[in-house]
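The form predicted alone is given below as one chain in structure tokens.
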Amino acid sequence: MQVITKAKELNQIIKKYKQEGKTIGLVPTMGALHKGHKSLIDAARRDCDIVVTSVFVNPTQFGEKEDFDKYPRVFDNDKEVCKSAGCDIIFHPAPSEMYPEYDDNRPLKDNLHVKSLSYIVKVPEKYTNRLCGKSRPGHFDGVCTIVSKLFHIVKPDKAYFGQKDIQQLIIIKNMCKNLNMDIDIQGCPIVREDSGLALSSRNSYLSEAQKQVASSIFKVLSNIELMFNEGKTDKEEVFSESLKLLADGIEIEYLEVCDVNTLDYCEKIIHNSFVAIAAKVGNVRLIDNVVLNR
């Protein structure tokens, strides 16, 4: 397994593999890898000849009051996860490699101005004025900017994203369609702890007691799915009944049902929709969702 830090070096390596007719799979990550990330690398390993995992905490998708400077950075652990999953290449650039305006010698939080200096992919408001985009202005512009940069550098045939970040997944699929990026975007199932809590790098901020509280988020989603499968589609009724399962100490930011292709809000719970939730346990913001097919 190689660790590459320079875009041009990686680009040349990929060019050679492409000339040999090999297929390239990309797993974009911000590090702090866990079993959820490993499942993405496993999927890429099954599908592709060469697997590239990027490990890069992207400054342009964080807001000024978000946890960019505190986001977990555990690269030695990340390397072990990648190695165990059979990854071929880790791309681990410095921020200045991805954003020339970035000063690697300045404190992390002082570099967030790079968003106003860099070329940014602008995501249409119809995708960003809802769910996580509503409380995180500019977040998905930063996501699509770094993903498009990685696509240009790695030139993957397939790229792998977790369903846990379903709004991100849908936006990236639409970006590829609208910008004529010939890349097969693969959405992979959510991986959960035994309690049902969706795996997330931010779970490391939670105490064991808080994790047990947070596990009730999945109980709410599971009950919504159960009621839908029983034929109930009234959003207010289903949400009201299911929220009775939410533990004390959880502050809900949103609970919504959206079309799985367009992100449009749905008046009822319907086939090919998803129910998404964002909530805080203490100071930790968690997201989860369930896709409804019947």
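Don't overthink the numbering: it's just position in the shown sequence, from 1. Since the model is a prediction, treat every value here as computed from it, not as a measurement.
Just so it is clear, the following notes concern the form predicted in complex with a small molecule, a form of the same protein that is not shown.
Distance criterion of 4.5 Å from any heavy atom to the small molecule in the predicted bound form singles out 161 from the list 218, 161, 102, 151.
Interface residue among 131, 166, 143, 85 relative to the small molecule in the predicted bound form, by the heavy atom within 4.5 Å criterion: 143. The chain is drawn here without the small molecule; in the predicted bound form, the stretch among 263-271, 55-63, 246-254, 231-239 whose residues come within 4.5 Å of it by any heavy atom is 55-63. Using a 4.5 angstroms limit between non-hydrogen atoms, residue 48 is distant from the small molecule in the predicted bound form. Interface membership of residue 28, defined by any non-hydrogen atom within 4.5 Å of the small molecule in the predicted bound form, is confirmed. Interface residue remark: residue 147 is counted as part of the site for the small molecule in the predicted bound form, having a heavy atom within 4.5 Å.
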